[in-house]
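Only one chain is included here, represented as structure tokens and corresponding to the form predicted on its own.
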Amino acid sequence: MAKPVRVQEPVALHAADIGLTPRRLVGMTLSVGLGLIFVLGMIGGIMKAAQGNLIQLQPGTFYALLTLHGAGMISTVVLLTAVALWYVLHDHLSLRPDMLVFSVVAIVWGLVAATVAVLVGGFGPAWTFLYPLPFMGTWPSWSTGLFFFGVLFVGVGFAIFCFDLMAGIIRTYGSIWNGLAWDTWIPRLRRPDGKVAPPSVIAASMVAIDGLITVAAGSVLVVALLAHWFSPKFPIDPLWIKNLTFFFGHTIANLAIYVSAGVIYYILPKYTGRAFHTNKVYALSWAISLFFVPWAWPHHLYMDFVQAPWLQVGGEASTYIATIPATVVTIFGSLLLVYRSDMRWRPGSTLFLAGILGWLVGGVAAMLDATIPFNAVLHNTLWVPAHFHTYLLGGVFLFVLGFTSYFVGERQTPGRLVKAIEWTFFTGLVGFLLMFYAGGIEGVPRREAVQPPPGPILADIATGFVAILLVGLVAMLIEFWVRAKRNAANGEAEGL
């Protein structure tokens, strides 16, 4: 078998004006973010135990924890995927470390504000905070306002990241359209030097545009809710605010997947010795996603009979059309990259490929739920958290772990202990997700502190799998830390 081609590593990173090297900055953010994921995962396990027969929680406490778990997980996953993409693109796009600092600080402050609102104030309308629930609970008014300010900070942090991406792309490729590689199929856009954006930059360009649109909608949403909080006489149309809520929430969660695609395009070739190449298929597929990903949110509102029918039909159609880059380009392209290659099997490559499988399974489950006849049966059941836990926890989070493994260095073939850790982690993950799907098929309602049968017994089983998952995650993070210390002592950084 042919020896794999060594893919060129990025040039050495330089120290930022703020006194932190990009590598150290990303490492600190990964440490904080992965710690948050573990804590929020424990909260998820507590909620499952309460839905079963293992512990008792007051309904108000359950819904407060549900709010923190949902909002915290989405925000943290967005943070982690953003820093991963920033790192792999830093030198290619001359991105600014100080902008990343502002982005990280804003998102972390948003998380702190939301945590105080929930744990101190008892704020608990769920992470979607659908109007008028935030203004109807037993929690104090200040917690409502603080939570909204927290959401606003998270949005501002993500907007800073998107602005920095867009500025770097324009400086390097002349326009955001060339960053999307539209010059491959629009001749008049072609640069005299023939420079074409690689697939990772194409993904970053799409994220930058749709991310700014999403944050703009989210800002309008939060400002309207804050105005109503300041003055209850400020009028709010419930259907308008619900559309904005799901436009913002659904799209920013989905963008974490597309951010991850940019990371995959850069790192997976390190393991296979092959590279992704820009062509018209990539450019056209990502152009389709650019326009249709923001239009998929109406599939959350099929139950709203007053919604305009064209929005409902458009939401279903957009959901299907927007999947082209995920299924045809990234997933299929990644499998072709691996097929008959001299694959370097390391923890990172295993996590990336497992994440691609989770992304595919979760995406198919999401498309089923977005299909109107299925949605009428499944949408208010555990099928919904089943599919988004699959593509976020079983997909995007595995990409984050894969990036972290690559980041700390993977120069040694994994031994039996590392393989045992992986098996423990994946056993807990798969078992946990299967209990969600089983509950959805049985019609167990979601977002309920007290569930009808067979919800409690499924929750008990899921709690056991959550414990296995968290043990595997802790062991994996410890192994990453030990490996990082060893490689740092040897003067080695990321890579194989």
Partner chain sequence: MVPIEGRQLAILLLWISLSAIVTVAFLWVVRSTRRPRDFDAVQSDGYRLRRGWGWVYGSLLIISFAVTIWTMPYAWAQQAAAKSPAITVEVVAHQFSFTMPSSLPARRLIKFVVTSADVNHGFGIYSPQGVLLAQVQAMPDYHNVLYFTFPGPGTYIIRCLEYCGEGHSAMQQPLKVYVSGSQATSVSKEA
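This structure is a prediction, so every number in the text was calculated from the model and none was measured. Positions refer to the first chain, counted from 1.
Although not depicted, the form predicted together with the partner chain is the subject of the following passage.
- Annotation: in the predicted complex, residues L36, P97 and H250 none come within 4.5 Å of the partner chain through any heavy atom.
- Residues with any non-hydrogen atom within 4.5 angstroms of the partner chain in the predicted complex fall in just one of 462-470, 37-45, 22-30, 449-457: 449-457.
- This chain is displayed alone, yet in the predicted complex one of Y87, W383, F403, F161 has a heavy atom within 4.5 Å of the partner chain; that residue is W383.
- Contact with the partner chain in the predicted complex, judged by any heavy atom within 4.5 Å, is made by just one of G415, P235, P373, G194: P373.
- Mapping the unseen interface onto this chain, G124 counts among the residues with a heavy atom inside 4.5 Å of the partner chain in the predicted complex.
- Contact annotation for D91: none of its heavy atoms lies within 4.5 Å of the partner chain in the predicted complex.
- Q312 belongs to the set of residues with a heavy atom inside 4.5 Å of the partner chain in the predicted complex.
- The partner chain in the predicted complex is approached by T323, whose closest heavy atom lies within 4.5 angstroms of it.
- For the stretch 265-291, the set of residues having any non-hydrogen atom within 4.5 angstroms of the partner chain in the predicted complex comprises R274, A275, N279, V281, in sequence order.
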